[in-house]
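Take a look at this single chain, the form predicted on its own, given in structure tokens.
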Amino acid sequence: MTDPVAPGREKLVETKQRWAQEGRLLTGVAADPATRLPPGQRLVTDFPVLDLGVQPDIARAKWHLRVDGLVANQLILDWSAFEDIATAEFTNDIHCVTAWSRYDNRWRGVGVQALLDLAQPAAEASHVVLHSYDGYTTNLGLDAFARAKNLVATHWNGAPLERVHGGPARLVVPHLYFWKSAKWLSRIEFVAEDRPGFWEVRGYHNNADPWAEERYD
């Protein structure tokens, strides 16, 4: 597995682990999602770039998405096959655990439900592990992954998704903190037991609900 942390970025990871230990940014307040802006968040109009110092440069001609594990039909989709799946378009808000939120992001790509219909997860599949081309992983319960407005996005606000934001394709799970929306997506693995990912084993919350302020474990 590729190390997702670029040389020189170890201190960044250590700092964010310390945030988890200290409970940085926590307000102790929960809110109803109808309030739109979760507790402790600030609204921005730009699109901040956060990563671990590794930004894979994956040409569409060489990109593949594997959908495997506990499924009836294992998939290996190249870009052409991926584009042949029905297109989904959603507008939603996104919320980063570092306390910024951005409203009204327009995404286009392939809905998660379409991938579920093709792959047919087995009855014993309860979670998914998302794998990225840089070696990053994160985990989701199957119910959280399968929500109607989740998608593998290839476009943002009418333009192809830029490399710095996870292009050519990233997961978008808007109801959770944005570290769950894996950039540079390469694999969706269905598993029978939960398997915490990069940030989850470093003190970050397993569920990551912004309105419950589930920043840290």
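All values reported here derive from a predicted model rather than from experimental measurement. A residue's number is simply how far along the shown sequence it sits, counting from 1.
One more form of this protein exists, namely the form predicted together with a small molecule; it is left out here, but the text below deals with it.
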query	finding
Touches the small molecule in the predicted bound form: H165 (any heavy atom, 4.5 Å)	yes
Contact test in the predicted bound form: A192 vs the small molecule, heavy atoms, 4.5 Å	no
Contact test in the predicted bound form: D134 vs the small molecule, heavy atoms, 4.5 Å	yes
The small molecule contact at G158 in the predicted bound form, heavy atom, 4.5 Å	no
Listed residue (L142, C96, L75, I85) with a non-hydrogen atom within 4.5 angstroms of the small molecule in the predicted bound form	C96
Option from 147-155, 27-35, 173-181, 57-65 whose residues, in the predicted bound form, bring a heavy atom within 4.5 Å of the small molecule	173-181
